[in-house]
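Next up: a single chain in structure tokens, the form predicted alone.
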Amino acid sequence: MTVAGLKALFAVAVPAERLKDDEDTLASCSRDTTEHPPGRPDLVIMLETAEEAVAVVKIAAAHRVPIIPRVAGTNLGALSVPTRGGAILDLTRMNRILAINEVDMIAVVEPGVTFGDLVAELKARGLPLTIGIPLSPPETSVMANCLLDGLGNLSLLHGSMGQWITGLEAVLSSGEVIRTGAWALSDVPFARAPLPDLTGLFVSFQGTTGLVTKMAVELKPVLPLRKRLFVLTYERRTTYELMRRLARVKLFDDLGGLSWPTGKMLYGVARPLEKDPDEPEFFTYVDVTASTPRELTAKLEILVAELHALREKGAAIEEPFDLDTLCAIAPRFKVFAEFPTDLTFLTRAPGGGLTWVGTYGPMSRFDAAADKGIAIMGRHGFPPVIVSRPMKGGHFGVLRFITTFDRDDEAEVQKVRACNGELTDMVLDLGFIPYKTPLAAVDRILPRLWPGTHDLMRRIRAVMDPAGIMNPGRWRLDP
């Protein structure tokens, strides 16, 4: 079908001025910052209401037009880049915070609500509540991060963000609107139980089972006292042992580590490949909150005691110092003062390319995976930028290998693809699983997947989207 024909179809549901086919708009939706191949949409439809979403989905299903949901396009897996044309559904204008329930600690949001929006609204209302906030730009969609089961700065205690969803409203390809969780029966979307948990049909399916238009998410209380502390460690094994120990203490809000190239990149070194002999291996950060000064003091004393215990075993580890002290020495670290934050040294690195192999996996294997990953990145000429953090009390963790590159240099793009391919094979061998999974990783996962699992995923998608229009290509679920 011609673009003019597509516009005529969807003009029944959406005003013509919000049906975009100009070169700038199509080009901006054709690629992301990663090495993944571009894919050009035929049309971009800017939705404003759930009613428009229902009408557009019905039209798309009737005419077998692929539809791809998109908000900021900041994920690093090309998950909103079309695989076979069709229409991008730009959801940025669906940006209403529909409800904030202070007593039950729940917010109901549309897809275009960003972490910046929600944090600002909670502060404006004077509510001592927050949500887990990812280490990503403020324009990141709350809904997208939850549906893709990302993480936030409270994931140490509460797990990945898919677990924060208490219910959702979605449009199936038939145009039918469904609700999940308690929201299917109660006007308060307080939990996913005790009804059958259908919310999981939309988490990590990358938009292939339906278009989510509303989501209820948990909020958590903000305690009045807070400190962000940094601990310098000089060996990876010390860093990971510290993370495992502090995760089990269950007294801290957030805990993670940034490898040594991060500090150099923050100060403008585009590709730091050599570590100074006296430079720490990791900057480990710990967030501590409390209701009273006495509680805060007790938590800090426990942190110091854990550090001393490691030091007595011979670990090279510094005393903790707070963020104000770090910023006095190195002012550019102020970007880590508050989340959400715009990490411009990564998101606007020279060449514009940013990619990762981001995984969830067993913390018992962090050391082996980091050792192998650093060797792989070094062979390909990339600095070993690693982000590590425990999740859900240490039951699993995040291990992420990050690379910046020149995305307009085809030779460098090929080098990044080769590097990330090796990294993906390595982490899969060790039992780690890429999250927000791009197609390049999917193709490596499927031969290893438990027999029958992929077939079940395909059958679920076929039931939920018999028209096959919902973000086709993802997880290789198309007929």
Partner chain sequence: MNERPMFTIADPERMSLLGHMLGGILETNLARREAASLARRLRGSLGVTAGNMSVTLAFGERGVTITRGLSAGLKACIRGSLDGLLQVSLGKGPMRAFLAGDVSFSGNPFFALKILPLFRAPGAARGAP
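The structure displayed is predicted, hence computed values, not measured ones. Residue numbers count along the first chain shown, from 1.
Omitted from view is the form predicted together with its partner chain, to which the following refers.
> Taking its partner chain in the model of the complex as the reference, which of Arg236, Lys264, Arg192, Lys214 has a non-hydrogen atom within 4.5 Å?
In short, Lys264.
> Which of Ala305, Ala368, Ala99, Leu273 has a heavy atom within 4.5 Å of its partner chain in the model of the complex?
Contact residue from the list: Leu273.
> Could you tell me if Asp187 has a non-hydrogen atom within 4.5 Å of its partner chain in the model of the complex?
Asp187: no contact with its partner chain in the model of the complex.
> Is there a non-hydrogen atom of Ser291 within 4.5 angstroms of a non-hydrogen atom of its partner chain in the model of the complex?
Judged by the heavy-atom cut-off of 4.5 Å, Ser291 is well away from its partner chain in the model of the complex.
> Although the partner isn't part of this model, could you tell me whether Pro280 comes within 4.5 Å of its partner chain in the model of the complex, counting any heavy atom of the residue?
Flag for Pro280 set to yes.
> Does Phe336 make contact with its partner chain in the model of the complex, using a 4.5 Å heavy atom cut-off?
Outside the cut-off, so no.
> If the criterion is a non-hydrogen atom within 4.5 angstroms, does every one of Leu6, Glu17 and Met46 touch its partner chain in the model of the complex?
No: no residue has a heavy atom within 4.5 Å of the partner.
> Taking 4.5 angstroms as the heavy atom distance cut-off, pick the stretch from 294 to 302, 313 to 321, 88 to 96, 125 to 133 that is near its partner chain in the model of the complex.
Heavy-atom contact with the partner occurs in 313 to 321.
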